[in-house]
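Shown below, as structure tokens, is a lone chain in the form predicted on its own; questions about how it binds or moves come after it.
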């Protein structure tokens, strides 16, 4: 079997955007990284090499989290490569295609989005949780961590992307369910809700949010960056936050802060 690093993290959608920001921060915390995505390995090579340049053991595993066979293959392949898994970061997600008023939205977009954003992480968590429980039985000192990357859209209604909001609200409940179920096995489950973050997904609405931020939408008067989310996830992955399973971290610059 290949070299055995101390702790291993699987990050879905980890080769760009928020996922890459998470991976880069995790690399700095000494984790070996299993990066998952749907793009071909040739398209992610620069990102993977960048993680290796940071000193991390990093491997890319192609697969679609919305597909059952791909999820099982992903877990099997990570297990074969690393022999262990300490952290799962459910980050992979897509926006509606196209963005549309809920009066005009279509089922094809809804099914695709729910499959990737909600069904995929729900059942990938199931597979990983079973493996983590197995590791816990073999080693009582093992403490797994699962982090779901949600969105402020879990609670903030956007009528031009209803399916996205529904998927993130579902992730919020899934976090609570898994936190409840897995606590007895020493596995912490958390939700991180990013706000307006600079990524390729937000690029098409950048002008809109530039104006909203300038107008006071957020308390901290700037866009969020993938590294902001990455630092929160790394804290959870390292185990720096204790006695707090099931909790939500809002990385949104105060967007959801209630104000008068």
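Quick caveat, the model's predicted, so the values are computed rather than measured. Positions refer to the first chain, counted from 1.
Another form exists, predicted together with a small molecule; not displayed. Remarks below refer to it.
Peer 1: Should residue 93 be counted as a contact of the small molecule in the predicted complex, where contact means heavy atoms within 4.5 Å?
Peer 2: Yes, residue 93 is a contact residue.
Peer 1: So, in the predicted complex, is residue 59 in contact with the small molecule at a 4.5 angstroms heavy atom limit?
Peer 2: Answer no; every heavy atom of residue 59 is more than 4.5 Å from the small molecule in the predicted complex.
Peer 1: Can you work out whether residue 9 and the small molecule are in contact in the predicted complex, taking contact to mean some heavy atom pair no more than 4.5 Å apart?
Peer 2: No, residue 9 sits far enough from the small molecule in the predicted complex that none of its heavy atoms falls within 4.5 Å.
Peer 1: Can you tell me if residue 245 lies within 4.5 angstroms of the small molecule in the predicted complex, counting non-hydrogen atoms only?
Peer 2: Judged by the heavy-atom cut-off of 4.5 Å, residue 245 is well away from the small molecule in the predicted complex.
Peer 1: With the small molecule left out of view, which of 222, 208, 52, 39 would have a heavy atom within 4.5 Å of it in the predicted complex?
Peer 2: Exactly one residue meets the criterion: 39.
Peer 1: Considering 47, 234, 32, 65, which brings a non-hydrogen atom within 4.5 Å of the small molecule in the predicted complex?
Peer 2: Only one listed residue qualifies here, and that residue is 65.
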